[in-house]
Structure formats: structure tokens, C-alpha cells
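Next up: a single chain in C-alpha cells, the form predicted alone.
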Amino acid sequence: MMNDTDAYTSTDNVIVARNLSKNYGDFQALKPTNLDIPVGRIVGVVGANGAGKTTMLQAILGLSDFDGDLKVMGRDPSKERAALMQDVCFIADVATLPKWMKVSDVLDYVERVHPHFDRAKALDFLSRTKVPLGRKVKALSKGMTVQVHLAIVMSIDAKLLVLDEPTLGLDILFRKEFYRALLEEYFDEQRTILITTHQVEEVEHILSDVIFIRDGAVLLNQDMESLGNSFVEVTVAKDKASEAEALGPIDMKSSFGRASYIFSNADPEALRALGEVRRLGLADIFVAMMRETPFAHNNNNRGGEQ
């Protein structure tokens, strides 16, 4: 169990989990996981569909029971959900606004149910768009629906914003606008954003930390600043393949008679002796860690086992 030193403070961790797990009968949807998510971070939980991302979020939001210890802003979400949600804003999908309501009715509803909603701020944001307040949600374009959702999100003074695949089904222009508005008009060092997605490229530029999850297991939990130095790709000639494999790569691909190996936390000097070294983007690291290859067991960044 957690002791008093694990309690949440405004300068400490928003989420603290120890051996957090979830079973559905014999199926383990989330394997024992340890997490410490500090205040003022933008954390991406990245994984394929069915990897366990939503299961993790449901535990954090008090939407399902769980095993292990979990504190969100110092509260147990399974026992104190009503109090917890006063400081949390959760969006599952930008298409989930009630389609039968007018935009003004949606604002009325949010104002009644969330104590920290600032209607004037929402109206100010919408005044800079072409969204008609008297139109029903079902009559809005996808882009306008996104703008209504953004107006609501940015007008709730929540300490934790949880987004579950928030831009699913939107075109690239509105996906970029969604994240731009979050960064420029919502996020600050006193707020924490948790985003689940399987679209790595669209969130890479805004994340401060990333969690990779596969088959219910956290494979990686690392800050973006150090991530770029941890993973590299080395292109080697055939005669150095065995030398490269001896260093424990996590993935390999071949093209035009040359092999490229991906390494995690390997000796930089030894890698430079093999061939051309380049840093990897988040998408390349994600693909390497998700692929089932003979080298996959070499990865030693399993965040759930820290």
C-alpha cells in the first residue's frame, strides 16, 4: 500500500500507480503497471487498438474497478470519483456531443454539471468561429463540432485533461487545429494532459512524455527529451551484421543489400564503428517496439516493471 509520502501535492505527481492491473475473467487487459505522472506534463499513451489504453484510462477516471494501488490527484478514483471529477475534464471522442441539442443547450448542460466551467470563456472562443449557437449539433460540420468541443475543454478549469482518441475521424486540418488550440490556449504548467492515440505522428510534437503499451503491458515510459538519445538506427554492411546483432538490437530491417538495426541504450562508440547512425522519430521507435521480431526481447525499457 502507499504511504503518506505518496500523497499528491500541487508540485508532485498527478497520477501514482503501483501494480495497477485489470482482469476480465482469465483475460488480463492491463498487466501490473507502475506510473508516476507529474504535474504540468503532456503524456501520450500510444498503442494499437485493443492494446489496453482505454482500460488504463477507465481505471484512472474511476469508470471501472482495478487491482493494485492508484491515486489520481491524491484520490482513489474507485471510491472518490465524484470529488475527483470536479478537477478532471474527459473527452472520449469529439463526435460524442448530444446531436439533438443546440450548441447553446450544450453549454447550458455543461454549466450545470461542471462546477469549473466558464460559460463566458466558451462564448468568447465560439465568437471567433462560424459556429451558430442556435444550430443543433447534428447539423454542424465535423470541423464545427471540433470547435464546440474545444470551446468546452478550454473553458473548464480542470487540473487533469484526459483525451481518448480525441481526433478520430477528423481530417488533418482539424486535427492540427485541435492540438494547436490545446497548446496555445489551454495548457500551462499547472495542468496535465493525458492523451491516448494510435496516431503517433500527430501528437509527437506536443508530448513531453510517452507511454507505449502492447497487449496490456507498458513497454516504455519515458520523457521525450531523453527518448531521442536512447533509440538510434544504424545501417551496416553485410559483413558487420553479426557484430551488430551481438550488441542486442531491438529490431532490424533490410534494403538494397544493407541492414538497418535499431538499438536502445547501446554504447554510442560501438554503434558508430558499425556504420551510419541516425536518431529516430517517435513513429519509428513505436513500430520497432510493437513488431514481433527475434530481437524484440532485447528491449529493456519496460516502464511497467520499474
Partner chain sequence: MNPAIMKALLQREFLEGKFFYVWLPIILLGIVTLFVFMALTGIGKVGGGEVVITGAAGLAQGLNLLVEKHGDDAPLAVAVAYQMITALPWLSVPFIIFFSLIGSFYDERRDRSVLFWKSMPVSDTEEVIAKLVGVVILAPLIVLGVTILWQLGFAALFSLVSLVFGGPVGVLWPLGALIDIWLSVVMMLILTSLWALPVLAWLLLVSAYAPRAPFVYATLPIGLLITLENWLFSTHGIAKWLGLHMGFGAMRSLGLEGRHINGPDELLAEVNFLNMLEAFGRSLADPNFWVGLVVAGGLLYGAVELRRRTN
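Residue numbers count along the first chain shown, from 1. Whichever C-alpha set is largest while still superposing within 1.5 Å between the two forms counts as the rigid core. Computed from a predicted model, the values in this text were never measured in an experiment.
Omitted here: the form predicted together with the partner chain. The next part is about that form.
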| property | result |
| --- | --- |
| Full three-residue contact with the partner chain in the predicted bound form, heavy atom 4.5 Å, for Ser78, Thr96 and Val113 | yes |
| In the predicted bound form, the one of Ile206, Val236, Met144, Ile156 near the partner chain [non-hydrogen atom within 4.5 angstroms] | Ile156 |
| Among the candidates Met85, Leu182, Leu170, Met224, the residue which, in the predicted bound form, approaches the partner chain to within 4.5 Å (heavy atoms) | Met85 |
| Interface membership of Leu247, the partner chain in the predicted bound form, 4.5 Å heavy atom rule | no |
| 4.5 Å heavy atom contact, Phe90 to the partner chain in the predicted bound form | yes |
| In the predicted bound form, Asp124 touching the partner chain (heavy atom, 4.5 Å) | no |
| Contact label in the predicted bound form: Gln58 to the partner chain, heavy atom within 4.5 Å | yes |
| Per-stretch contact check against the partner chain in the predicted bound form, the hit in 271-279, 39-47, 60-68, 237-245 (non-hydrogen atom, 4.5 angstroms) | 60-68 |
| Displaced residue check between this form and the one not shown: Lys136, CA, 2 Å or over, core reference | yes |
